[in-house]
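Encoded as structure tokens, the following chain is the form predicted on its own, with no partner shown.
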Amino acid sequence: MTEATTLLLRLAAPLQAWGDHRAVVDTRHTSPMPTKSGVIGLLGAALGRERDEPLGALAELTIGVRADVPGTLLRDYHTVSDYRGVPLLSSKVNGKGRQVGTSPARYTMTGERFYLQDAAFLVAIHGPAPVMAEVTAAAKAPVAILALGRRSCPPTFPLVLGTTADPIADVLTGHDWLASPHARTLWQRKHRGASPATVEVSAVLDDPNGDTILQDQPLSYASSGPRHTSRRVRHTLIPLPTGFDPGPDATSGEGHDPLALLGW
């Protein structure tokens, strides 16, 4: 039986953006958590894989994501024009890989980009030990510049938190809360100075028996158009110690929050 390893990543940055298949030319949304497609793509970049290369063993990895600091949604509205006054090119490419013009010609485009602001996630990636050893080494010394969903979103460090033989569920329930001191202060301000002993954070785990289907299992990142299929996941809430000094009347946190599973 092949031994397995779980790699722990800390995905935190001023801005993150994880495509959710609602993307159109002028509007790019973001999921409330890192997608599996985005995480596997990040690992592929760390390994120096070309977009058209088969995913190989990366496609077989399982992941779990814990939203330690969900962050806030940032909307970036902008206009685009060519300073030479010529028509803009579209996002489509011809057979030679060159961008083609729009039809009809457009001289100005407006667009919206949505980002997660000041978010921090714990990501656990599980797979065969030899594969994970290669992936871990690449994450520590990546071939290509890494980004959290978009090139304008570099991660802050540390990115790699370590490896373990524990399964994903145990890692997500056992690892410390990743909220920074500043994030903890903001959390307390939001909750009127509360100092609970624990907080509940949402998590999503690969689970063949899960009751939710997500369309973000990558099949290919080919430049001609990425392809995905579905995967089953389960959502859960995980209580984590805060390190706060709880008052004498404190119980188990800020109380029941029915929207927490949605990352709101």
Partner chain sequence: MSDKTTRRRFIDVHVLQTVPPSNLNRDDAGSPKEAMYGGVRRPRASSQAWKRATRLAFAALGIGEDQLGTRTKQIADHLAEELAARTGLDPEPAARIAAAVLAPLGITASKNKAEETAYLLFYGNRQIEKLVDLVADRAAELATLDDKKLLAELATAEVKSALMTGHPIDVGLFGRMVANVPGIDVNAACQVAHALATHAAELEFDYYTAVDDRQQSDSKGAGMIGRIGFNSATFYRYGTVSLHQLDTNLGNPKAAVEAASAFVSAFVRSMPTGYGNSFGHRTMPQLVAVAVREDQPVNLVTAFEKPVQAYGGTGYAEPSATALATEQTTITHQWGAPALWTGITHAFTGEDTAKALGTAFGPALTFPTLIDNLTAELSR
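Being a predicted model, the structure only gives us computed values, none of them experimental. Residue numbers count along the first chain shown, from 1.
Omitted from view is the form predicted together with the partner chain, to which the following refers.
Contact with the partner chain, judged by heavy atoms within 4.5 Å in the predicted bound form, is confined among 136-144, 190-198, 163-171, 122-130 to 136-144. Although the partner is absent here, S224 is a contact residue: one of its heavy atoms lies within 4.5 angstroms of the partner chain in the predicted bound form. Proximity of M109 to the partner chain in the predicted bound form: non-hydrogen atoms within 4.5 Å are absent; the residue sits far from the partner. Residue contact check for G97: one or more of its heavy atoms lie within 4.5 Å of the partner chain in the predicted bound form. Taking the partner from the other structure, the partner chain in the predicted bound form has no heavy atom within 4.5 Å of any heavy atom of D176. Contact with the partner chain in the predicted bound form, defined as a heavy atom within 4.5 Å, is made by all three of P14, E50 and H182.
Contacts to the partner chain in the predicted bound form (heavy atom within 4.5 Å) from stretch 117-131: Q117, D118.
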